[in-house]
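Consider the single chain below, provided in structure tokens and representing the form predicted on its own.
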Amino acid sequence: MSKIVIDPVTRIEGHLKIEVTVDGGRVREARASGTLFRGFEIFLRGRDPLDAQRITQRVCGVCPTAHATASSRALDDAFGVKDAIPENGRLLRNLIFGCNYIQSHVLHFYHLAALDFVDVAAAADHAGEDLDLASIRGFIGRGALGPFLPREEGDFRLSKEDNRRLAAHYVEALKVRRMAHEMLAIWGGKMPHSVGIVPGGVTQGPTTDRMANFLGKLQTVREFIEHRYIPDVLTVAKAYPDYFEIGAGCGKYLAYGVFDAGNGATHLVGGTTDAALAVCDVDAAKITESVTSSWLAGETLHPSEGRTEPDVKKAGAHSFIKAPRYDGAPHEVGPLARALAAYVRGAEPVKTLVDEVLSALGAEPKALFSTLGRHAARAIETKIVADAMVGWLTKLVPGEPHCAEFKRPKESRGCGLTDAPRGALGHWIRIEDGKIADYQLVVPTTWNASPQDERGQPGPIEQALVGTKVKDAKSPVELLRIVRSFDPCLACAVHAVSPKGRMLGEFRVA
């Protein structure tokens, strides 16, 4: 047996360490570790509750809007106004969050994960007039490969033409991401860390000028999703069909639902699902967090009663990530979990789009439980969100209210559940004497990259790696493809901001 250590995994947010034990060329055991700690939950204590939706956005520069949404929903609950959000406020919150969804999903596929499948070196001898390919050729010619590293050689399967086309789309996607940020800033003031979403609604109402500006940019983004993103995912999927059979994971999925549809409903529905395609509603009372394998003191508790006390000398611990469990079991969260909940419920347009993609690939629904299933679900979701934004925009009414009035209570509790682009996100707040007495965040990658719990159950990423065949222990691209398909955000998982450190991954074989 041998051990492979990848520390850190690159092209993700934050610092993730992966250790696997390989026996007979296959992974027998896997361990995921979050290796940094900052402790947002600690320094929120004693602050004004209104600080929460500003400070928690600083957990991550890619996921700030998700934290603004969850935090404001928790404060809506604590302030007693969760059922009083004006229609404009509800719609504008959805539009702000939708922009963040688009940029996050585009970022993940093109700039974080696609380079595991696309050989950008195909652009090195490009002699045409395509400016995007010429820019990549220039990077390669100067030896400035930083944006495309690390590269794992030996398993690139696309044709040279397809590699060049997707490499050009890598550059085009940078422009689309910028446009999504600009769209968000129309309503949120700036990005990252916008000031648009607040308890009770949003900070500014719609105007016809802003609506027209937003719609023009949105149409450009929708064209990219329709004519670039989805076709490119299908191109990769057809070249790597074995990745519909690799990286299945724990077989249990959880989504809270996201994008407020009014009356307690969400546009993207939630639920817990499993590999047998059974679905149930989520009961937040069944959520717990174990710290058995974490450098944290305490016991298994519901987040509303959670503790965050570092214990770096704790025996048997190896991660700063807690281990969330639902009804005692690990659950995968993210676009796949949301797609499955909608698909099993027959919710449109998810059901139709998933069936169309499966038909194009000649695949059955079971193919979704895989590395490429996660990518397909994310691309489908990006189209659904972008299309829905047109409807939300047209329902805005300039001059109508956009934020509910509220009074801050001396004593209260609140819970804000939503789905970030990377998966289920929950914020819990307890207010005493008008100040934050306790604040807990359970974020998507805390679910997905969680370590073993007190029952010895590995987390979803750990389970997804087990059984994987590794062709070359010195270049374990199979492991990286699986891990990156979850779109990990370790900055969120440990509620930390990564310091300057190594930019390239380090592989060690023991």
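Since this is a predicted model, take the numbers as computed values, not measurements. Quick note: we count residues from 1 along the sequence shown, nothing fancier.
Keep in mind the form predicted in complex with ligand NFE is missing from the figure; the text below concerns it.
Student: Only one of A167, I380, A341, L425 comes within 4.5 Å of ligand NFE in the predicted bound form by heavy atoms, so just point that one out.
Tutor: Among A167, I380, A341, L425, a heavy atom within 4.5 Å of ligand NFE in the predicted bound form occurs only for L425.
Student: May I ask you to choose, among A66, A52, A464, A32, the residue with a heavy atom within 4.5 Å of ligand NFE in the predicted bound form?
Tutor: Answer to the contact question: A66.
Student: 279 to 287, 117 to 125, 416 to 424, 387 to 395: which one contacts ligand NFE in the predicted bound form at 4.5 Å, heavy atom to heavy atom?
Tutor: Within 4.5 Å of the partner lies stretch 416 to 424.
Student: If the criterion is a non-hydrogen atom within 4.5 angstroms, does every one of A113, L372 and S485 touch ligand NFE in the predicted bound form?
Tutor: Per the other structure, none of A113, L372 and S485 touch ligand NFE.
Student: Looking in the predicted bound form, any heavy atom of C489 within 4.5 Å of ligand NFE?
Tutor: Yes, C489 sits close enough to ligand NFE in the predicted bound form that at least one of its heavy atoms falls within 4.5 Å.
Student: Is P444 a contact residue for ligand NFE in the predicted bound form, using a 4.5 Å heavy atom cut-off?
Tutor: Answer yes; at least one heavy atom of P444 falls within 4.5 Å of ligand NFE in the predicted bound form.
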